[in-house]
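Okay, so here's just one chain, in structure tokens, the form predicted on its own.
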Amino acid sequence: MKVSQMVLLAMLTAGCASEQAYDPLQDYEELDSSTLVDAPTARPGSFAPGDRDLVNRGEYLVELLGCGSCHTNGAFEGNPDMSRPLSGSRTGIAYTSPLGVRFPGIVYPGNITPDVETGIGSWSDEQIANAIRAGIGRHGKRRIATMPWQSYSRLSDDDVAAIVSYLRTVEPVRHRVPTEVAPGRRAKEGFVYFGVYRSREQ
């Protein structure tokens, strides 16, 4: 190897060493815990007396499946806003890995109260059932990222009907969540990754 080549190699090596590799954890803080959220009680008079058992079953299942832990604002940080349960989260969930790409794709858990404008109040029973059991969005275009539909796909028709009936009875809350962020774009709101790390303030 010529002296000039050795000098060039040394310069390139020094330049690479001076550039620090991106440490993804510098942009994240570890979460202490997320919170299990009790399902809100059905509104009195929001269902027929003969449907009480069905609604109670739905409430039990929503609590058992932990729906409120994603769909209640603040639950990811251990501080759920119980004045607006099930109305969606302003903290999103990364659906692509932030450990490899600085700006991951993020989805914000939706409002599943029966508010007509910002929730599921204008959804049909079939649309809600499809979101639960197949992860299909309202317009049937694609699966909802991060929705654990694979786990819910084996719910019986009766169980899904109970969940739908119960969700119709909770207090409607007007709360619009942020829109999904595509991979490669910077999010304006915080997000979590696997419930262990939360993005630092943007």
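Computed from a prediction, not measured in an experiment: that's the story for all the values here. Numbering starts at 1 and follows the sequence shown.
Note that the form predicted in complex with a small molecule isn't included here; everything after this is about it.
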Suppose contact means a heavy atom within 4.5 Å; in the predicted complex, does that hold for all of 75, 82 and 116 with the small molecule? no
Verify the contact flag for residue 144: yes if a non-hydrogen atom of it lies within 4.5 Å of a non-hydrogen atom of the small molecule in the predicted complex, no if not. yes
Determine whether any heavy atom of residue 169 comes within 4.5 Å of a heavy atom of the small molecule in the predicted complex, and answer yes or no. no
4.5 Å heavy atom contact, residue 165 and the small molecule in the predicted complex: no
The small molecule contact in the predicted complex: residue 110, any heavy atom under 4.5 Å: yes
Within 4.5 Å, heavy atoms only, which of 173, 161, 55, 65 is in contact with the small molecule in the predicted complex? 65
